[in-house]
Ligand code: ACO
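Quick setup: one chain, the form predicted on its own, written in structure tokens, and binding and motion questions come after.
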């Protein structure tokens, strides 16, 4: 069974509620119709109920009547969410008047539903910019306990099955944080381990990458990776992690044995954590283009609840897949 099919099959067992704030956007509605039909999640659509019903009829989306449709202007929990917003952001000067306006924005309403326990995750971005999707998430949902940084992981599916777990690897951070500190890099490793377990369904073997292997070079950039590896081990002693490792020592068994004898990760890594965004973003794109790998993501990680951002050029199938991934994240968030 292919990975995406496994992700979908697992999503069907979770009974999670995924909110789609762009409820009147065509691809989003069509994806919601498929997700409901495949029983991937309980779908919550935000938008004018009349408009959504008209569009569903126009595009012959027969499953949309099974979604929970929330009117952002007029719904029963509006006052409750406004009070929660003010309570959470009163130190930042948020007034009830301003909160009453913000809660009518579907992106803010979605995050307050998650914060209140009325939804388990969110998928947005088909119509809205990344900053607009993430701003309310950072303000109200925030990050997991012990994690201060949000990062972006890609699941890489290789044609060569000798790498990772039968050709499946996870790369991070390839999308969000330009230059993490050692502590932040450790947190990215921890979060990527959670992503690997929750979505890929495998035990992570994490390589903290550098241009040095076990002291072969001396530089402050190497020191950061060494320190991050130590911090990650202290944060989660059960985690299988090693560094600093060069990329070839991390993924090629013979080179790993030569450069890092005794390492349980060298030559066997299925998760690669890059020292900065430049290297991570360059690496995943090169592997995608030169090796013909399939890149699934970015999957945002580190949030207290899964909130995932789509490309505005996304397809209907991209949205369906991200709904299934978000369900898996929600199911594994506290594991």
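Model, not experiment: these values are computed from the prediction. Numbering follows the first chain given and starts at 1.
Beyond what is shown, the protein has a form predicted together with the ligand; the following relates to that form.
Chemist: Pick from 261-269, 102-110, 147-155, 220-228: which stretch has a heavy atom within 4.5 Å of the ligand in the predicted complex?
Modeler: This holds for exactly one stretch, 147-155.
Chemist: Report whether all of 20, 75 and 312 sit within 4.5 Å of the ligand in the predicted complex, measuring from non-hydrogen atoms.
Modeler: Contact check failed for every one of 20, 75 and 312.
Chemist: State yes or no: in the predicted complex, is some non-hydrogen atom of residue 131 no more than 4.5 angstroms from a non-hydrogen atom of the ligand?
Modeler: Yes, residue 131 lies within 4.5 Å of the ligand in the predicted complex.
Chemist: Do residue 285 and the ligand share at least one heavy atom pair within 4.5 Å in the predicted complex?
Modeler: So residue 285 counts as contacting the ligand.
Chemist: At 4.5 Å between heavy atoms, is residue 138 in contact with the ligand in the predicted complex?
Modeler: Heavy-atom contact with the ligand at 4.5 Å: present for residue 138.
Chemist: Give a yes/no on whether residue 281 approaches the ligand to within 4.5 Å in the predicted complex, heavy atoms considered.
Modeler: Yes, contact at 4.5 Å.
Chemist: So the ligand isn't shown here. In the predicted complex, which residue out of 127, 233, 183, 89 has a non-hydrogen atom within 4.5 Å of it?
Modeler: Looking at the other structure, the residue within range turns out to be 89.
Chemist: Quick one: of 200, 251, 175, 190, which gets a non-hydrogen atom within 4.5 angstroms of the ligand in the predicted complex?
Modeler: Of the listed residues, the single hit is 175.
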